[in-house]
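Listed next as structure tokens is one chain, alone, in the form predicted alone.
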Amino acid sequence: MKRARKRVLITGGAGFLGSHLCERLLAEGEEVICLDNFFTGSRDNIRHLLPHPHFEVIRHDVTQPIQLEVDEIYNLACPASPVHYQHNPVQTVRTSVHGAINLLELAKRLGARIFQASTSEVYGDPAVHPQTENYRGNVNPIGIRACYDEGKRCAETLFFDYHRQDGVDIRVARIFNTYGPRMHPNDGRVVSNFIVQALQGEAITLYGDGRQTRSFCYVDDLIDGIIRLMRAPDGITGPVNLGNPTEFTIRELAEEVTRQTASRAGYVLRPLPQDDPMQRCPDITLARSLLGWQPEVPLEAGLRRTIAYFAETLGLRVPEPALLRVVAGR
């Protein structure tokens, strides 16, 4: 007998992206099981959801099998920032590879559709710009970022082999730089680094000369893209790029954060980390054509919301003009 509402498993559900996905699916009437080992996820991210009658939290590591009865699976379990995934690189690989196998086996048994949160890191330091889904990447397999890059590449391999061999219904998204409320303040990512440094009155750290480029997608837009891919017609497996195609230099990002926080601390230059890509920007032609999706939130507006979040979380001050714009929704 089919349930009136879907029962959805979200691994990594207490993380930055996972908590937003839990919130969104609950708001749409689904029953959500949040599974997390709380290595990088936080109970604070989901605390407001705990009273919800259709929300459940399970503390579990995806590197170990689990038996549940669900209709859909979203696999977001893996440390996603260099600070965290390089902390224990072997465990990062296990999470990507063993985790994928365990969840694919679960999906196979249940006949459930399963989503894999892959990453733009599969493209490495790209020789093609912007990156399309048919570009095979330029990844250093023995570098310090390889635990994440190659772990995610192997997870994609597993997803497509389970699809071809066992008919598992898969969806794979390659997620580009995403930012917004509930980012970890010490995750080492550029947006959170710049905002926290600026709010604390510290000089913003620029690696290299700041001319390397990134594209920044606000979390609400990204969650919308993930759900659209999961609900797309049969046969649309991906991989599909999900990210904002508007490109900024790292220095331009620093300047916008400086402007919105009224920081006067300036910048400090540091050497570029090993294997840090010089360019990263998605071609989202496929997402536009297959999903009717493209980001809507401009960087300026998304940063205002994110700065307000960090200021409240850390008990720091947002300059009055910026705060007034947030309250007014502008």
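Start at 1 and count along the sequence shown; that's the residue number. Keep in mind it's a predicted model, so treat the numbers as computed, not measured.
Another form, the form predicted together with a small molecule, is not on view; read the next lines as being about it.
**Student:** Which pick from Pro89, Gly188, Gly137, Gly143 sits with a heavy atom within 4.5 Å of the small molecule in the predicted bound form?
**Tutor:** Of Pro89, Gly188, Gly137, Gly143, the residue with a heavy atom within 4.5 Å of the small molecule in the predicted bound form is Gly188.
**Student:** Looking at Phe159, Tyr123, Tyr74, Phe194, which is the one with a non-hydrogen atom within 4.5 Å of the small molecule in the predicted bound form?
**Tutor:** So the residue touching the small molecule in the predicted bound form, by this definition, is Phe194.
**Student:** Exactly one stretch in 265-273, 301-309, 47-55, 281-289 has heavy atoms within 4.5 Å of the small molecule in the predicted bound form; which is it?
**Tutor:** This holds for exactly one stretch, 265-273.
**Student:** Even though the small molecule is not shown here, does Val97 get within 4.5 Å of it in the predicted bound form, heavy atoms only?
**Tutor:** Val97: no contact with the small molecule in the predicted bound form.
**Student:** Looking in the predicted bound form, any heavy atom of Leu206 within 4.5 Å of the small molecule?
**Tutor:** So Leu206 counts as contacting the small molecule.
**Student:** With heavy atoms only and a cut-off of 4.5 Å, decide whether Pro130 touches the small molecule in the predicted bound form.
**Tutor:** Result no; Pro130 lies far from the small molecule in the predicted bound form.
**Student:** I'd like to know whether Pro82 contacts the small molecule in the predicted bound form, with contact meaning heavy atoms within 4.5 angstroms.
**Tutor:** Yes, Pro82 lies within 4.5 Å of the small molecule in the predicted bound form.
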